[in-house]
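Only one chain is given next, in structure tokens, and it is the form predicted on its own.
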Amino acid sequence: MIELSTSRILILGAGYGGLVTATRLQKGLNYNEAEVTLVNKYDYHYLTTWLHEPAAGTSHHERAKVDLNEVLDTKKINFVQGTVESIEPDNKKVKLEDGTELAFDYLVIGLGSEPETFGIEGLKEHAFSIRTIDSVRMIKEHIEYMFSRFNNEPDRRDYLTFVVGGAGFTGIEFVGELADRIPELCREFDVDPNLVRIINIEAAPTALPGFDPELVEYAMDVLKRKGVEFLINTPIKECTPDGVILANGEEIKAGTVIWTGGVRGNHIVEESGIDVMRGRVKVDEYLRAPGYEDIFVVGDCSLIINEETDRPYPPTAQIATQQGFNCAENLIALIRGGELKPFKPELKGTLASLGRGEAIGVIGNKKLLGSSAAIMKKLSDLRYLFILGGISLALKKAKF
């Protein structure tokens, strides 16, 4: 009698794409139908679309965390806490930093992104980045430290200047939250609010490039009323320990520089030998890496071209979540000998918060702004939490 071996599915990364793949597999697979292992650096998942809030200090960083033991069925999913060091696609092997080697029959790469500096000198060394729970905790503490230092050195007004590079969604959402936090910090540290500057710098001709112009104008008006200054169509040439130098030679002295100007795929994928474009894998219609029928790529590491615009879809949580559903469905189909289903993004809408009670967005063909957009943003967050962990997680983490 010949024993049939159980397929080994290895998922790298518990971001939106990787974790949704894992939770869908645990619901769709029968016991012993496959051996599923999820590898993640932390024992929690964090909601990247919420990180701008704890970075500014308007919410606690714990709110953006979801413990993996709350959403994983350990009888169906093996969780390994570790950091991926290398991927050997041809040897069907992944090596972790602690020396552990994991073999796979099917691999799902969801390792997330890294900051794209566009060659700007000094960004990596001197700018903060809104990327992880640890990074946003550092940003919050640094902002408070700058207020404290100003009290001891009141001639250093640059301590109270905050430069945010990039006016995409993350940059816009962060400056909205930071503007809301400033009055509280000024009261706490006895600082005149008129001494504080928040400067949002964007190299493109407009904030929120590619977004509806009417909503962009509304967003900028709201943020300007909160005290945010905009420098649009103004590239940053260099980031220094003292602030930034613009392409026109102007220097802006700042105690804090936060870079939100773009991302690229994880370097580990690029170093694996898999074909990439700016660190991202141009996947086939089934989310597979070129030349590999057993390797799927989801989230920020994947590149999908929108045939209508001939441009890549933006690496959003919405698309990563949808990829997780599709990837799990196709893995189950492979194990059971079924047919694969092509992945087609369904863009239900785009929403961006502007701070307390304010947001903008497009749902279908409908434009939303103000409180109605803010409510839709909360409902969208609630839906994702429900997908991940059901009604209990949604009620626990939801912001009412």
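Just so we're clear, the structure is a prediction, and the values are computed from it rather than from any experiment. For every residue, the number given is its place in the sequence shown, counted from 1.
The discussion below concerns the form predicted together with nicotinamide-adenine-dinucleotide (NAD), not included here.
With respect to nicotinamide-adenine-dinucleotide (NAD) in the predicted bound form, the three residues 201, 209 and 350 uniformly fall within 4.5 angstroms at the level of their nearest heavy atom. Out of the listed residues 227, 122, 89, 235, 235 is the one that sits within 4.5 Å of nicotinamide-adenine-dinucleotide (NAD) in the predicted bound form by at least one heavy atom. Only one of 78, 316, 240, 148 lies close to nicotinamide-adenine-dinucleotide (NAD) in the predicted bound form, with a heavy atom inside 4.5 Å, and it is 316.
Taking the partner from the other structure, nicotinamide-adenine-dinucleotide (NAD) in the predicted bound form has no heavy atom within 4.5 Å of any heavy atom of residue 258. Within this chain, residue 178 is remote from the site of nicotinamide-adenine-dinucleotide (NAD) in the predicted bound form, having no heavy atom within 4.5 Å. Of the heavy atoms in residue 263, some are within 4.5 Å of nicotinamide-adenine-dinucleotide (NAD) in the predicted bound form. When contacts are judged by a 4.5 Å heavy atom cut-off, residue 244 does not count as touching nicotinamide-adenine-dinucleotide (NAD) in the predicted bound form.
For nicotinamide-adenine-dinucleotide (NAD) in the predicted bound form, the listed stretch (169 to 177, 189 to 197, 218 to 226, 303 to 311) containing residues with heavy atoms inside 4.5 Å is 169 to 177.
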